[in-house]
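The chain below stands alone and is given as structure tokens, in the form predicted on its own.
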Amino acid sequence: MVKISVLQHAPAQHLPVRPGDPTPRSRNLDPLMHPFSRARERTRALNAAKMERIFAKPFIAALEGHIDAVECMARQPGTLDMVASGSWDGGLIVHDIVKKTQQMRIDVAHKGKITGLAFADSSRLLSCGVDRNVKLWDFREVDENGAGPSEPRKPVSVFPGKTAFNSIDHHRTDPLFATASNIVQIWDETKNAAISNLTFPTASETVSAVRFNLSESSVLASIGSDRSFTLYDIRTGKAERRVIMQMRSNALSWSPTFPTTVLLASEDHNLYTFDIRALTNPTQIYKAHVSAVMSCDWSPTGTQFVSGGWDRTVRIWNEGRGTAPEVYHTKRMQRVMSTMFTADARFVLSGSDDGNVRIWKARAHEKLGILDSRERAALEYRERLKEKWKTDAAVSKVSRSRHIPKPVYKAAELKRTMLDAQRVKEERRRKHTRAGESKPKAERKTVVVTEQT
């Protein structure tokens, strides 16, 4: 005798209770058990990625006032609104980026271009230029000399030097600042002459940038025209370590969250992060620019940084990810000379050859203004979907797609061709060389030529 198991349903559960009532339907309300749940979720993730690209409008405003290239910018510590910019025409402007107004404007702060800016405190600003002077300014509405916003300003102090200055940075706590010229000099705000000269015994370079470490403020770093990167200690008055790289660096920036990490913007179109405890190899190489990188700056969170280059683009990178950065550009923006994050890490500033300081959103698709609870929940849900489905081919393709100017695209294409040709040439050379004589070398190990102590 064969035993048969059958499914039995009560007919009453599938018939209307009263005549005219709709026929009841059994539904499984558990979304995890639904046969189309993953397909629906993938479609939502793809739509979220598409909506992100649709609403990606990063440009906010352009702050005018300069008539020549904006070489340098500085952010006032402890505030979100005050930013200073210096130009090749010698003009100095302190911007209020919230109101988009000018807190202070000096048309001829220096004779010749301004090469460096640094805030001394909440009301004073240091500037240096090729006229061999460092000047201390009071940018309050009524300064120490009694001059108002519409009256010509005079510097509070002038510190004369012997050679043109290329960069300046202020100590975080003490009334000290460092300048870069043919040597690195330490100055006291209360004295007219430098109190210390820092140089490496065998160095003969022109120092192009200098920065104090954000955590250990007695440690100082500089880059020079002879492809060098040097570390100093102002307590001993000596250069502690020095490395020579393949190509010279144009800018440097210390990480705000990892005190031993420094970022270098190089002439070879790349950016490098180094751990100063081991300077033989960079910890990461960042590749996307198609021309020299002129500026770089870390986000206050330490998870991102911004760079600007000779290729007329601004790029925002994620720390540790060496490719596929966010790319910003406009038709009118020329070569980007300076870039900077705001103190809340929500906005990016760029100064370029056309004399404008531009304000960008750090996240291109972010909506500005007040969000209600439902809108915030929807945005968070879309972000989670994109993160969950980021490995999907269609979602990844939409998220990575960027429209860039044709000259930049063509230059990147040509650069890829040249690098491929160089790689093939090296492989053929190794193939026709005696075994073991020509070994392939990792790119990270070719960046630094030599280290000096």
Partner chain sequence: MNSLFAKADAIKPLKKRRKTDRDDNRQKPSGSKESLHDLTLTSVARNTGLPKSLRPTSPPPEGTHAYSHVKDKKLRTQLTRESAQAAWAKRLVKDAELLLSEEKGLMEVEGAMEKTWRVGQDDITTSAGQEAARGRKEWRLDGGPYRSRYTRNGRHLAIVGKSGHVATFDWQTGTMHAELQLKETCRDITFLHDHSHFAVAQKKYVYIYDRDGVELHCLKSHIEPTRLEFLPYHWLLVSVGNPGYLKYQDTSTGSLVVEHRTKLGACTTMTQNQHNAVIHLGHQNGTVTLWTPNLPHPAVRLLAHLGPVAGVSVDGSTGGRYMATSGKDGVVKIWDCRNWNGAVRTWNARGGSAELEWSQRGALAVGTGGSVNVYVKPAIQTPFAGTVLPPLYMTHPVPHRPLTSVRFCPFQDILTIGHNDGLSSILVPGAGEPNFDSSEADPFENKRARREREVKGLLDKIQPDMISLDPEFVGSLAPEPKLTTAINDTHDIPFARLPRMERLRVIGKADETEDADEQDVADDGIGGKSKPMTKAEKEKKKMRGKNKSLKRYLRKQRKNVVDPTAVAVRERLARQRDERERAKAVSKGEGAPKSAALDRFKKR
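For clarity, every value in this text was computed on a predicted model and none was experimentally measured. Only the largest set of C-alpha atoms that superpose within 1.5 Å between the two forms is called the rigid core. Numbering follows the first chain given and starts at 1.
Heads up, the form predicted together with its partner chain isn't pictured, but that's what we're talking about next.
Q: Can you work out whether residue 18 and its partner chain are in contact in the predicted bound form, taking contact to mean some heavy atom pair no more than 4.5 Å apart?
A: Contact check for residue 18: no, nothing within 4.5 Å of its partner chain in the predicted bound form.
Q: Though only this chain appears here, would residue 14 touch its partner chain in the predicted bound form if you measure heavy atom gaps against 4.5 Å?
A: Output for residue 14 is yes: heavy atoms within 4.5 Å of its partner chain.
Q: Would you classify residue 406 as touching its partner chain in the predicted bound form, given a 4.5 Å non-hydrogen atom cut-off?
A: Residue-level check for residue 406: no, no contact with its partner chain.
Q: Are any of the heavy atoms in residue 422 no more than 4.5 Å from a heavy atom of its partner chain in the predicted bound form?
A: Flag for residue 422 set to no.
Q: Report the residue, out of 34, 410, 397, 416, that has at least one non-hydrogen atom within 4.5 angstroms of its partner chain in the predicted bound form.
A: After the contact test, the surviving option is 34.
Q: Using a 4.5 Å cut-off on any heavy atom, which residues of 427-449 would contact its partner chain in the predicted bound form?
A: Read in sequence order, the residues that approach its partner chain (within 4.5 Å, in the predicted bound form) are 427, 431.
Q: With a threshold of 2 Å on the C-alpha, tell me if residue 47 counts as moved between the shown form and the other one once the core is superposed.
A: After core superposition, the displacement of the residue 47 C-alpha between the shown form and the other one stays below 2 Å, so no.
Q: Cα of residue 391 displaced 2 Å or more between the shown form and the other one, core superposed?
A: Residue 391: C-alpha displaced by less than 2 Å between the shown form and the other one.
Q: After core superposition, I'd like to know whether residue 407 moves between the shown form and the other one (criterion: C-alpha shift of 2 angstroms or more).
A: After core superposition, the C-alpha of residue 407 moves less than 2 Å between the shown form and the other one.
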